[in-house]
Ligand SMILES: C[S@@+](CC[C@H](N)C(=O)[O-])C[C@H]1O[C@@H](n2cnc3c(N)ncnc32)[C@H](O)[C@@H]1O
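Only one chain is included here, represented as structure tokens and corresponding to the form predicted alone.
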């Protein structure tokens, strides 16, 4: 079991080898969610993982809808919600391929949407039945599948004035992200940027990103102190 500390909150988490556990930048996203917290929102998370960010919001006493395509993640989120003593009636987990688990009753029903999207480029052989934790990190062409869904569809589920918080990365193509944000959100900004060394599991994609950087004249990855790095962009947007 892990204990995760986000500002003044301590969250207990059971672990699973089928689910990604919180990263440093995932915890940073939680801090930014808290900084913009509003009283009693109804919140929606796409890609719930261990449940840490949904649990963080549940500690406000709010109702959370948690979406994931990984059934193990949904089961773990329910276990961790109970582990932290939160009311079961305040959590609804839904199996969902992107936003497929939503329906017309959910339109404009939420005050907050957040997501820490996966970023591996490409997809495993079986899109819906993946065999390992790492395979759940694959996110289509340029690793943008979940990020693009959040940007292009996210406002549908938010009330007027509702808030969206997510993370984009340079390796996904920052220019493309800016174009989509400008198109779908009139009011948005970068809350924070962070340069982060690439973990070893990104090694197979380094040459791909280097070639794309040259072709597109935009920096996807870069070297600092002899190590390949990416830039993280923590994004906030509001529905007008």
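Numbering follows the first chain given and starts at 1. Just so it is clear, the model here is predicted, and its values are computed rather than measured.
FYI, the form predicted together with the named molecule isn't displayed, but the following is about it.
When contacts are judged by a 4.5 Å heavy atom cut-off, residue 43 does not count as touching the named molecule in the predicted bound form. Mapping the unseen interface onto this chain, residue 116 counts among the residues with a heavy atom inside 4.5 Å of the named molecule in the predicted bound form. Within this chain, residue 70 lines the site of the named molecule in the predicted bound form, having a heavy atom no more than 4.5 Å away. Contact check for residue 146: a heavy atom falls within 4.5 Å of the named molecule in the predicted bound form. Between 156-164, 104-112, 132-140, 82-90, the stretch whose residues reach within 4.5 angstroms of the named molecule in the predicted bound form through a non-hydrogen atom is 132-140. Taken together, 26, 48 and 53 are fully in contact with the named molecule in the predicted bound form: each brings a heavy atom within 4.5 Å. Counting a residue when any of its non-hydrogen atoms is within 4.5 Å of the named molecule in the predicted bound form, there are no hits in 189-224.
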